[in-house]
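Below are two forms of the same protein chain, given as structure tokens: structure 1, then structure 2.
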Structure 1
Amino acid sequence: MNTIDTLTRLADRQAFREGLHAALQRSARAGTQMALVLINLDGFQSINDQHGQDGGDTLLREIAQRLQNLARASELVARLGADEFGIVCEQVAAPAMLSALAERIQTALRAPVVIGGEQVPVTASIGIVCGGDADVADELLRYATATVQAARSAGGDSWQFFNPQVHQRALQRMDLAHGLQLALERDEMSPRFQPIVEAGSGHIVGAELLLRWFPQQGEISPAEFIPIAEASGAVIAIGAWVFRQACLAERDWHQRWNDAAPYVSVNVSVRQLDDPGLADSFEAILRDTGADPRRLLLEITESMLMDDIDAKLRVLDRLSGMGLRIAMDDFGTGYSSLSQLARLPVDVLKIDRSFIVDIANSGESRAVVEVVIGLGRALGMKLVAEGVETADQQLELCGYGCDLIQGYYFYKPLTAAQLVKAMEEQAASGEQVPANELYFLLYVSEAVAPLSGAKLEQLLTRTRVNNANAGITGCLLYEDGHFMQILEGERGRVQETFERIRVSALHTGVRVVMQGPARRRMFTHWSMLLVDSTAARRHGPDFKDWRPDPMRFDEIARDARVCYAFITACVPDVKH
């Protein structure tokens, strides 16, 4: 029997198994520790594709040589398969020896291999199993293989020790992957529809189809099964099924409500986009169901689009040519190049929920949302905010001119029957959820006694905390014992805060100059900005010389429009 791998001159798989078996027995007899180190090259297939089989062979021979040089003379080094190598280590004094070996291997492999005059970098995923984890050679090998896979899933170019828990999870994943293959046949998948509403009125205009899986053992969350479906390829069949459900829903709703029917939004994964049969499959489903493609929105996550954009662009152009509309999902979390974004046939941007969570309290989040909405507008897209859970969030989004909203504040995901009911209730009530109003209030007052810079800062520290909690932004001006302040936020909150301010013993003669609904916030990045112009002059034109007797705030406030223009001119143009 051949026990030498002819390409690399290392031991082959058969010789390795025998050596492993013998080492296990020796270590059991001597009471010493042994270990198996398994090394799998990352991306070998693509090296082979690029450099041909000869190039691949050169690489394998070079790697074999490096591993042989690294190992002690007594250690067995073998090539187990295409790009898989193994080392049996005996008399291991401490695990640190093994981690040191793994790191030496990584360093040795990283030095590029020269193939056809080109420097090709190589990395590997390494799994280490100690003798005690199993006492049978084949089992040890299986554990090592699972550990290499875990290192690979963690991104490659890394090593891991065998971990029984990780192994258990891997087994569960295999179970799930198997279950997923059968899920459609067994009728275990079911669609839910989360309504998407107009930001101001709360009126349902669309719904995102969300997939649920109910195998015998209960429900498994999409966060768990979608990545497995992607990895196993099951997502192709499941994706086609989901698209069919979306088409059926569209047709059903159109029959019920004609043009008032909600559009249907459906997720498409990167694996589906890479599938050359995708557009044909969708075309056939559209034909089959008679659904209107213009009422179907395909959601594609931002991060997956930017990888190999030209290929994706061809697919998206074809889908969009069929009349389907395209949305970019989770926008803001990836790193889209803006010029590429403009090239894509995207109709809708979905602002990621992570920016919505804090929008009522964080200037940073507001700034991001404001920029994204501005960007979408400039590119002629519609904006949908995801994950909206509170009235404050809705208020902010309306203030920035966001078109549509999706989230628990309006609706959780519904069954098809519940969605029909929600639509009927909406039609019956005829009334729409009133928009939460953005409000502003501008007042002037006089300090009871002049305030030092430190005193003013002290006052501001407290108010900034209060205002951040209440979702209030604005600006406070102080000049020669006079105050002018603008507050912006939800109506009730603004009025409540103003009541507190009014009774403060620090000032008197509090006079409201104007108040009312605001179209948008003027001060987005500050919970309260202070401009003390007593000593330091503001940036911009200095009117001091022109008017030796400058107007006080209460004089400016004689004309509310001038007063408003004066204070809103303080909007900071530099962010901190």
Structure 2
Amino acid sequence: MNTIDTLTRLADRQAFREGLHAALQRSARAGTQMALVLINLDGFQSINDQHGQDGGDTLLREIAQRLQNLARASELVARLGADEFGIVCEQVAAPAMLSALAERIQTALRAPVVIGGEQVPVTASIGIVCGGDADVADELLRYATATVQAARSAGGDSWQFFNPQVHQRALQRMDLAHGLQLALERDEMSPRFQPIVEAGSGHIVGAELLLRWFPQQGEISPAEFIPIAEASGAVIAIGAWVFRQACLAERDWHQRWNDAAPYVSVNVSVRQLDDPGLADSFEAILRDTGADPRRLLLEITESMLMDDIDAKLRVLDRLSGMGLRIAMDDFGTGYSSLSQLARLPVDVLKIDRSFIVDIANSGESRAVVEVVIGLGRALGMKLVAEGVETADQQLELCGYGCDLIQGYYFYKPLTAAQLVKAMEEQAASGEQVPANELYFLLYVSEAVAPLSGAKLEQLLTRTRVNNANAGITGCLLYEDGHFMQILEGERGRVQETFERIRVSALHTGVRVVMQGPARRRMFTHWSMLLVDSTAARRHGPDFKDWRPDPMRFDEIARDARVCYAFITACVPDVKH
């Protein structure tokens, strides 16, 4: 019987099991320690897809040679199948020997392998099990497999020793992976649709399809099963099923509401994007269902583009060429450069919820959102904010010109029937959810007495905290005993803040120059600027030697347009 792997010339799986069994027996008789080291290459399938089977074979032969060179002459090295290798170590004096071996394996494998003239990086996930953890070879292999999976779940390119808790978690993951393979056959998957609405009106214009899994033991969270589907490869079949559900929903909704029907947004995982058959699969589903690709949006994440962006760009270009629209999900949390973003056929940017949660109170979050929206506008993209849960968050997003909103403030994920009901109620009532009104107020006044630097610093510190808590942004200017200030925020809070300011003993002659609804915020924080007429504080010429009679704030404010232009021109100078 052949006990040699023909590709690598290492021992094959059967020879390895026999050698492992013999090593366990020798270890037990001699009272010595033995161990099993299991090695799985990270991302081998992607390398095989990219370079073909010949390239994959070249890689495996090179890895086999490196492992053979690392092992002692008495140690058994084998290829167990696909990209899995094993080493049986006998007469292990201390765990440190195994740690050192794992480190040497990692270092050796990290050296790129040349395939077709190209240097291909390689990493591995390594599991180490000592013989005392099991008396049977097959059980030892199972423990090692669980430990490798734990190392891979931690991000790969790492090694771990076996422990029972890791093994139990791995068994659970294996059960879920097996269940996922049968989930579609058992009709356990179900779509949910979270509406996407116009930022100002709350009018439903789209919906993101979210997958739910209901096996016999009860619903399992997507946060738990999606990573397992990715790792096991089940996401390919599941992703095709999800896309078909999106297409069927699009056809149903279009027949019901014609051009008023919501578009359908669906997530595409990195494993799907690396699948060479993805575009063909989606094209066939579009053909079978008759769905309108222009009303389907594929969501990808920034982090998906870190590896081999050119290959992914070719896939995205083909999908876009089929009429499908592309959205970049969780924008702002990944690593894509502006040059990459400009190359991609992206129609929509989705602002990550991590920037939305504090937007009502954090100037930093507002600044990020403002920049992302400005970038999207410059590139001709639509903007969708995720995770909107409060009226204040909606107000801020409207204030910065965000197009669309998605989150629990408007709708939780709905069944298909519930979404149809929400759309019909919207059509019947014609009512739209009113947005909180963004408001501004601009006033001028005169200080009762000149304010020292210390007094101004106290005013700045106190007011900055109070206005941040109230969600007020804007700017206070002080020059030659005169104040000019603009306040921005929710109408009630702006008016309440101004009432406190109006009765302050610090100033007199308070005069409102203009107030009313604002289309957007001009400032991301509230700040104070001391205008020094003797020095060049703003960008531009140095006016310190120019000494005609300066115009005071109350004189500038005689023309509301000039006053507004003056204070908003201070935006670049405001120190946040």
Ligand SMILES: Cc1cc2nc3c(=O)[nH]c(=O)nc-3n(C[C@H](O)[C@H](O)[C@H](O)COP(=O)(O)O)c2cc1C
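Because the structure is predicted, anything quoted here is derived from the model rather than measured. Here, a residue number simply tells you its place in the sequence of structure 1, counted from 1. Rigid core: the largest C-alpha set superposing within 1.5 Å between the two forms.
Q: The form predicted on its own: 1 or 2?
A: Answer 2, the form predicted on its own.
Q: Indicate whether G86 shows a C-alpha shift of 2 Å or more between structures 1 and 2, with the rigid core used for the fit.
A: It does, since the G86 C-alpha is displaced 2 Å or more between structures 1 and 2 after the core fit.
Q: For Y143, state whether the C-alpha moves by 2 Å or more between structures 1 and 2 after rigid core superposition.
A: Comparing the forms between structures 1 and 2, which are aligned on their rigid core, Y143 does shift its C-alpha by 2 Å or more.
Q: Rigid core aligned, does the Cα position of L248 differ by 2 Å or more between structures 1 and 2?
A: L248: C-alpha displaced by less than 2 Å between structures 1 and 2.
Q: Looking at G55, what is the CA displacement between structures 1 and 2 after core superposition, in angstrom?
A: C-alpha shift for G55: 13.1 Å.
Q: Relative to the superposed core, report the C-alpha shift of L38 between structures 1 and 2 in angstrom.
A: It moves 6.5 Å at the C-alpha.
Q: Core overlaid, I556 C-alpha shift between structures 1 and 2, how many Å?
A: Here I556 registers a C-alpha shift of 3.0 Å.
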